[in-house]
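Read the single chain below, which is given as structure tokens and is the form predicted alone.
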Amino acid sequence: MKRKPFIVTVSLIMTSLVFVLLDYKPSIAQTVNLNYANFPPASTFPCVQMERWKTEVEKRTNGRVKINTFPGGTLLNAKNMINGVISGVADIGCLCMAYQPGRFIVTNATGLPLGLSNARIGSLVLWEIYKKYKPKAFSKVKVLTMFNTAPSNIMSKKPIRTLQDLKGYELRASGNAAIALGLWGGAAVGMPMSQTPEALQKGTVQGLFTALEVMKDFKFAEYLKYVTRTDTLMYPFAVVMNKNAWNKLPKDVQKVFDNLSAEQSEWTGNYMDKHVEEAIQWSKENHNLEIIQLPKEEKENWDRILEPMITDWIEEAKEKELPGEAIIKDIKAFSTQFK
């Protein structure tokens, strides 16, 4: 009779344990949802690379991370992109650093006329420069990747074969491209790319100076029948993430993001180069585009006129206590490495 309480107690414990086991459910990792803002239309290359990155992240995290993309300035526009990411309006944002030359001095050096021949090389050089110098401009965000456009060329309503043809000619341009046009004697008109089609129709501008993929993406070949190959100047881009959102990610997810950085940079450069060639071919076949190649001596003269852009940038960098000459030297060295 003395053993009965013990048997009852064991029985109650076993019963409770059964109920606990029946009620047990293994923990499942919660899905991380991130908002990714971009400013150009969905069909353009910055948004194409965004969708590719989204797909790769979701695949490589086995669906644990979901990326909601917002192209066309629907969440943040070009001007407030990085500040919007810093404040948490978006978790991730894609920005064109050329739009803020005074803020992104180091990385914008890859947009100077330094002979970077295509977007792939320009993108890989940009990423290496960022990794080496870690500019303070990015101290409040996590940088996920960077990439460059293809070199800029003149798209115009009339043929531009000499500097005299360009004198006073109004072209949409921004950043370094606007400075270059001024040195060549052209007239740079600043405006968002989204406003350029209407400006071309109204005659506010007679063309533009940027990478050639816009001939197809924005259907500019319908208005502009001539391209003068200058093959100079790039527009550097960065994809940045809110620091708090980054810190909340599991370590293995952070590793997925980091492993994609250089790969995404090169992928975007390759895509851009291929897309430019497709845009040129499309423009030729559908709108009889004429490509104007400057004679060697003429091209050398155009390039020589732009040399002050490099010396001026070096002086600006020195004023900001940055090693201007070393950065330019590194850009040239990296460009040789990636050829």
Ligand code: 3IO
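These figures come from a predicted structure and were not determined experimentally. Residues carry their position along the shown sequence, with the first being 1.
Another form, the form predicted together with this ligand, is not on view; read the next lines as being about it.
Proximity of residue 76 to this ligand in the predicted complex falls outside the 4.5 Å heavy atom cutoff.
Taking non-hydrogen atoms only, residue 143 never approaches this ligand to within 4.5 angstroms in the predicted complex. Proximity of residue 313 to this ligand in the predicted complex falls outside the 4.5 Å heavy atom cutoff. Though the partner is left out of this view, residue 45 does reach within 4.5 Å of this ligand in the predicted complex, counting heavy atoms only.
The stretch from 115 to 123, 161 to 169, 244 to 252, 230 to 238 that comes within 4.5 Å of this ligand in the predicted complex, counting heavy atoms only, is 230 to 238. Proximity to this ligand in the predicted complex, defined as a heavy atom within 4.5 Å, singles out one entry of 133, 138, 184, 99, which is 99. When this ligand is considered in the predicted complex, only one residue from 224, 193, 199, 179 comes within 4.5 Å through any heavy atom, namely 193. In the predicted complex, 210, 211, 213, 214, 218, 235, 237 are the residues of 207 to 241 with at least one heavy atom within 4.5 Å of this ligand, listed from first to last.
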